[in-house]
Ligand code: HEC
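Here we start with a single chain on its own, the form predicted alone, put down as structure tokens.
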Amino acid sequence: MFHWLERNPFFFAVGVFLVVAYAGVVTILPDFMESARPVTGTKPYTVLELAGRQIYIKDSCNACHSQLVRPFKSETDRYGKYSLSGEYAYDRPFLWGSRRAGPDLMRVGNYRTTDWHEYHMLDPKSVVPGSIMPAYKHMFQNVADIDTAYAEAYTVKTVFSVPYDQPDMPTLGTYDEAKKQVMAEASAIVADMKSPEIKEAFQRGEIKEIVALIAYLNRLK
């Protein structure tokens, strides 16, 4: 058989291709699937974080900020550990971004605080002199859309089997249960904010967009 293959270079080439392709699949595919699994400690977004992520998308923050630290020293020195594919297991859609008019935000939760984000979103130049980022004062007026965020969480749980309600994972439960969890999570953020208007709104049961956005940004670590 081998002598026949040697006398027929076309079939010999096809045979070599099939052997190499099979070996590649056996070698690469398991490792690829393993790297795509959620990194240890990675959890689904809470409802409040999802509401903040929706605001992040709505206001096109990903047009100027990436969420992808590349494996180069210049990147890791500035932004922290390079990104792993398993860290995006619960991202729908991915927000890698296509340019950096502003810094990468993949690890922003490690080095920025709630009150820093509050002042920065209200008046970027007062925090970062020379910043070209516009102010997002409307976030301090608009109320976060918790209903849509809950609907997204419920959808990814039921359709995509995102493991809410599993050990060490966020609890989703009914809408009323989720709303209580959202209020508790928002309360901790509002407590660290300085704006009396935000605090007064929260006392009325309103969660402003800025609170949800900060919840999302604090999650990015």
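Here the structure is a predicted model, which is why all the values come from computation and not from measurement. So that there is no doubt, residue numbering starts at 1 and follows the sequence shown.
Here the subject shifts to the form predicted in complex with this ligand, a form of this protein not shown in this document.
Against this ligand in the predicted bound form, the set 68, 80 and 82 makes no contact: no member has a heavy atom within 4.5 Å. The shortest heavy atom separation between residue 192 and this ligand in the predicted bound form exceeds 4.5 Å. For the chain shown alone, residue 90 is not a contact residue for this ligand in the predicted bound form, no non-hydrogen atom being within 4.5 angstroms. In the predicted bound form, at least one heavy atom of residue 61 sits within 4.5 Å of this ligand. In the predicted bound form, this ligand sits beyond 4.5 Å of every heavy atom of residue 122. Of the stretches 148 to 156, 38 to 46, 53 to 61, 161 to 169, only 53 to 61 has residues with a heavy atom within 4.5 Å of this ligand in the predicted bound form.
Scanning 89 to 120 for heavy atoms within 4.5 Å of this ligand in the predicted bound form gives 101, 102, 103, 105, 108, 111, 112, 116, 117, 120 in sequence order.
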